[in-house]
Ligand SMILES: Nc1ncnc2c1ncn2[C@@H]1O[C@H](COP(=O)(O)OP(=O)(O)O)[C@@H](O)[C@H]1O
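Starting off, we have a lone chain in the form predicted on its own, written out as structure tokens.
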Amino acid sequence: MIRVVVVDDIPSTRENLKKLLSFEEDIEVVGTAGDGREGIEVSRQLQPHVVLMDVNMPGMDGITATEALAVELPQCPVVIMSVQGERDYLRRAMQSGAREFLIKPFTGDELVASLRRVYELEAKKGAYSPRAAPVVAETKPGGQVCVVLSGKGGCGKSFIAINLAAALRIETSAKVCLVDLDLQFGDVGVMMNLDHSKTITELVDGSGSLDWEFIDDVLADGPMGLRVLLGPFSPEYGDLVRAEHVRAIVDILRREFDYVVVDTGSQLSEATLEAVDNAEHVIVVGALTIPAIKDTRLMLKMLESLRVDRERIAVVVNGHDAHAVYDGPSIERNLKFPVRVQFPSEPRLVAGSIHRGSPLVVTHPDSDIAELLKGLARTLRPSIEAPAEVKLEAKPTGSRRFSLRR
């Protein structure tokens, strides 16, 4: 049985949901709550498989409660419910740790399918086993997959993904594919100035079998021989791409390329989680602001709850300068996780490369940022036994020096 806790401030809604789910032989509502704080307490006592959570509630709202559950009870995934027109709330909810969201009014079939989907995904990850071991990336034939994540928009995630793909091409002369898996607001095509008429949605419309010839026709040609799979042109098409599509696409790409770099959205969607499952490397991008550090910490907690091996994860931080309030050690103490790279604050260089539609490692190959990106790329090479920690440090004179520490 899939054990569910329903959290909603309207008693009639709780009762209706309970009755609706009572018709399903494999789903049982084991408890209800009227606000976020009560929902946390009920979940703590009952340990449900899924928590069905409303957003707008008095006292503690659903987003705050979801954040708390993601940290305290990561084995109790949350499905968020919300009314039409609250896309901003929904994005924040996914950032806080919700697995899926349902927009009211939804049908009974949509509700049941969502609960089963989240349960099956968590069961596959071993989240319901209290003694489950960390998930170590399965050794698969073909290339290395690197997923770039960020818990907050504006941290430079897409910039890192694009330049990492270019740096891998420069450093290894290998075949590299860049995938834009930000399915609602992906910017890879714009940032690389790619004029291409086909996107990832071409691969999931069911018009034909998915094979390399089909994917090859959809990929755009980027600089230096990079191949690029663009994200949807419009946000509403993002819902067409499901986890099974991502799994099939990544499996084919890793057979054809030495490296597959996947840029993602700022929410932990089903598609993003599937990409993480299939990745040898997970790069978490943060910035030197309190909200970004908080979201980076939540992202790391979420990866921990998903049993992602720490050795697969690298944290990088954008916007470092000599006058920053936070330094590497203070961020590491806050995150309880080592920072692999601190990228310096060079807004003119970054903006210039974006406006040109060309990676910074190409336009300014000798810059500090480019050197760090190429150093990060080298740590992803399979021949390196232990990833190096790339640190950006400041000399007393204000100039910068680089060090690679194992």
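Start at 1 and count along the sequence shown; that's the residue number. Everything quoted here is computed from the prediction, not taken from an experiment.
Absent from the display: the form predicted in complex with this ligand. The rest refers to it.
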* Structure fact -> Checking 192, 155, 268, 80 against this ligand in the predicted bound form, the residue with a non-hydrogen atom inside 4.5 angstroms turns out to be 155
* **Answer option from 318, 95, 278, 199, heavy atom within 4.5 Å of this ligand in the predicted bound form** => 318
* To do: Would you point out which of 213 to 221, 239 to 247, 157 to 165, 110 to 118 contains residues with a non-hydrogen atom within 4.5 Å of this ligand in the predicted bound form?
  => 157 to 165
* **this ligand contact at residue 346 in the predicted bound form, heavy atom, 4.5 Å** => yes
* Decide whether residue 57 counts as a contact residue for this ligand in the predicted bound form under a heavy atom distance cut-off of 4.5 Å. => no
* With the cut-off set at 4.5 Å between non-hydrogen atoms, does residue 40 touch this ligand in the predicted bound form? -> no
* Taking the shortest heavy atom distance, is residue 380 within 4.5 Å of this ligand in the predicted bound form? -> no
* Asked: Candidate spot 350, 354 and 369, all three in 4.5 Å heavy atom range of this ligand in the predicted bound form?
  -> yes
